[in-house]
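Just the one chain here, laid out as structure tokens, in the form predicted alone.
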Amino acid sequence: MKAQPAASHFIDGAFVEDTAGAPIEVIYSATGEVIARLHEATPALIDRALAAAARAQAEWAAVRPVDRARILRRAADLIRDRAEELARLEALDTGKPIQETRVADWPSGADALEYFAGLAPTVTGETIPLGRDFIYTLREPLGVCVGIGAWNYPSQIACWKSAPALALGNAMVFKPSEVTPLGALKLAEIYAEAGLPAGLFNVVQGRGAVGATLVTDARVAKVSLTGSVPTGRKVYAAAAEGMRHVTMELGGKSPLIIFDDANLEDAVGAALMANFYSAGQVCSNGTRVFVQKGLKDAFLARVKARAQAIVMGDPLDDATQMGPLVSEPQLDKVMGYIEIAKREGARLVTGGARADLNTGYYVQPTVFADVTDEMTLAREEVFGPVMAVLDFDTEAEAIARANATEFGLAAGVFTADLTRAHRVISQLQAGTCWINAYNLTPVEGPFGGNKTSGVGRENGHAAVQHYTQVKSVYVGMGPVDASF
């Protein structure tokens, strides 16, 4: 089973290879098989990508927004036309079930391209009357943007970052995660076929050193990162040295609060999706499930039954509902957290071991009950299929405990009382929230976190603010009133 791309990098409209770069092996996590071999970008290739982006961006900024939009729309159509091919590639790259990659990954990317294609021609400035004189404003592109992707949604992230950047007149150099590097190359190929001028979307492979080089280059105006909090701190600090614009979508330990009056099946379904979709490797997952005590026993019984029915297996099998973790290091990390939870006294409801599939990096859907706030499982991001169930008595208690974390990415509330739902959501310290739903992230809505979970927002109209800057122009209509 192979997924070897034409070359490791895509620079200035063409695939480029340089075997002098350190090797990168792409592992199919369902079997441990090497499916592609790439190389890190050398300093010369990084410079070449940035130079191409800077050159192309100056010309692209002068193109009518509606003409830029047509290219993005063609790219969205190409993604949809090749849906099955792209879903298979994503499954190989990430280990996700193909039933998931058909609906969640590239389709979300196509939606982003289409959305920002429609939005770009509507972005305008304003006129501010001052009597005789007036001010007008312009929204201008930032210039060369760097996108740094995470391994859990590699193709979606590449689209979410590049769509607003390109639609609004910027260029992008994108570095995918070295763990899942294939989707971004396919996106670059699709952009080129759709008619995007060479140099506007470049892909360079590499680990942290390549990212650091990109972030600190003087030609870069903006950095957009999806990753962990420790990585975010480093990138944010490095970007600040050059006063670069930054958006950060980082980790979380998000609360999902379920009140006694919630619809049980809906709440259980949401909790399962918020912990086991993508084998739990979703930054906004509701991994602290607070269940009011009156519903606790019924909730745990249904969670156990439905979790044990989840079908694990080959990601390319249509029947598979949950695949492996993305890599062996991630498997070891998740199993370590499971062992810590057992030692610290959490009660194992189901799972808690590697899945008996004789291959790949599979972990059983795991649920712990009687988790307390001070336990490691309630404080640290696991990024695997491990649900922590905590119980509570009162609304005020649930809010206080939900907010007692350094993270602030997401939160959810399930209740039949919509007045209470809005009241609770208004007090939760999180940037992306749901009421009687969870982890639905259409491109129309802004997505991002508070506290250490991030800075800025992706998607929606909010993204315009993060890929443009305002120029204010004062127009004098009369003689200058000089004091000298």
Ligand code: NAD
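Remember, it's a predicted structure, so these values are computed and weren't measured experimentally. Just count from 1 along the sequence shown to find any residue number.
Not pictured, yet referred to below: the form predicted together with the named molecule.
Classification of the binding site as open follows from the superposed pose of the named molecule in the predicted complex: not one of its atoms falls inside 2.4 Å of a backbone or C-beta atom here. Residues of just one listed stretch (393 to 401, 368 to 376, 254 to 262, 150 to 158) have heavy atoms within 4.5 Å of the named molecule in the predicted complex: 150 to 158. This chain is drawn without the named molecule; in the predicted complex, the residue among Q321, T231, T350, S108 with a heavy atom within 4.5 Å of it is T231. With the partner omitted from this view, the residue of P176, G384, G199, P141 that lies near the named molecule in the predicted complex is P176 [heavy atom within 4.5 Å]. In the predicted complex, the named molecule sits within 4.5 Å of a heavy atom of G227. In the predicted complex, none of the heavy atoms of P181 sits within 4.5 Å of a heavy atom of the named molecule.
Among residues of the shown chain, R207 is one whose heavy atoms approach the named molecule to within 4.5 Å in the predicted complex. Although the partner is absent here, L409 lies within 4.5 Å of the named molecule in the predicted complex, judged by heavy atoms. If you take 262 to 283 and check each residue for a heavy atom within 4.5 Å of the named molecule in the predicted complex, you get just C283.
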